[in-house]
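Take a look at this single chain, the form predicted alone, given in structure tokens.
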């Protein structure tokens, strides 16, 4: 049974394309409309079953939509939201899927057409791949979607968003925008920063064949730099705090190694090993 009559997805990369495929697979909308600035992306999205129809006219894309999902890079979410909300019908819902939330939610809580309800969302799913060619209808299965309501979020819109993501086989978690950004800085943004640094610090000619451990550690450094510089800057404060915490542990480990203190080194490794084993 459809949750919405028409859903519009603005941005048809990995997340937007996968979302369209998942919506259509689950029958959550009678029609899925896609917006992209590139006609070739629209053609590929339709060929892969991510959308029913597409357009390069953003305002036409949102016309008549019950739900509009902004799946653009994070620096474009607020400008698109403010522009497109003026063309959305009364009673519709606008939702972003950006991986940072505090600045986006603060801007859109106060800067939208009052007839449109905004809900901040972050489906914690993805990969280092990019573009509609990498879209996968099963991308969200079994993952978590974080919703970041505030006192201004309309309860009916929050209930509809919760129902929508659960129907996509996701576990919904409610967090404040600030708590979301702090958690993601530590568990996602910092690891990406470390992977980029590690990949940049090692000579490609160090060994005739790259060890699997290095490839595993730096896999996410293959992520799109044009997306990640926006994420790093938009969540700068929380990421810097996470970097400071990491630096404390790094310096402590470096000091232990410098002293040749096997007992302290082993204890540090055992603690870290236990923490990793405890993660789901």
Ligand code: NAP
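These numbers come from a predicted model, not from an experiment. Positions refer to the first chain, counted from 1.
Another form exists, predicted in complex with the named molecule; not displayed. Remarks below refer to it.
> Report the residue, out of 97, 160, 195, 137, that has at least one non-hydrogen atom within 4.5 angstroms of the named molecule in the predicted bound form.
Selected option: 97.
> Exactly one of 237, 245, 26, 38 has a non-hydrogen atom within 4.5 Å of the named molecule in the predicted bound form; which residue is it?
It is 38.
> Could you confirm whether residue 74 comes within 4.5 Å of the named molecule in the predicted bound form, counting heavy atoms only?
Because a heavy atom of residue 74 falls inside 4.5 Å of the named molecule in the predicted bound form, the answer is yes.
> Please check if residue 127 has a heavy atom lying within 4.5 Å of any heavy atom of the named molecule in the predicted bound form.
Taking the distances in the predicted bound form, the answer for residue 127 is yes, it comes within 4.5 Å of the named molecule.
> Under a 4.5 Å heavy atom criterion, is residue 111 part of the interface with the named molecule in the predicted bound form?
Looking in the predicted bound form, residue contacts with the named molecule do not include residue 111, since no heavy atom lies within 4.5 Å.
> Does residue 19 make contact with the named molecule in the predicted bound form, using a 4.5 Å heavy atom cut-off?
Residue 19: no contact with the named molecule in the predicted bound form.
> Have a look at 152 to 160, 195 to 203, 111 to 119, 74 to 82 and name the one stretch with heavy atoms inside 4.5 Å of the named molecule in the predicted bound form.
Careful reading of the contacts points to 74 to 82.
> Between 13 to 34 and the named molecule in the predicted bound form, list the residues on our side with a heavy atom within 4.5 Å.
Contacts from 13 to 34: 13, 14, 15, 16.
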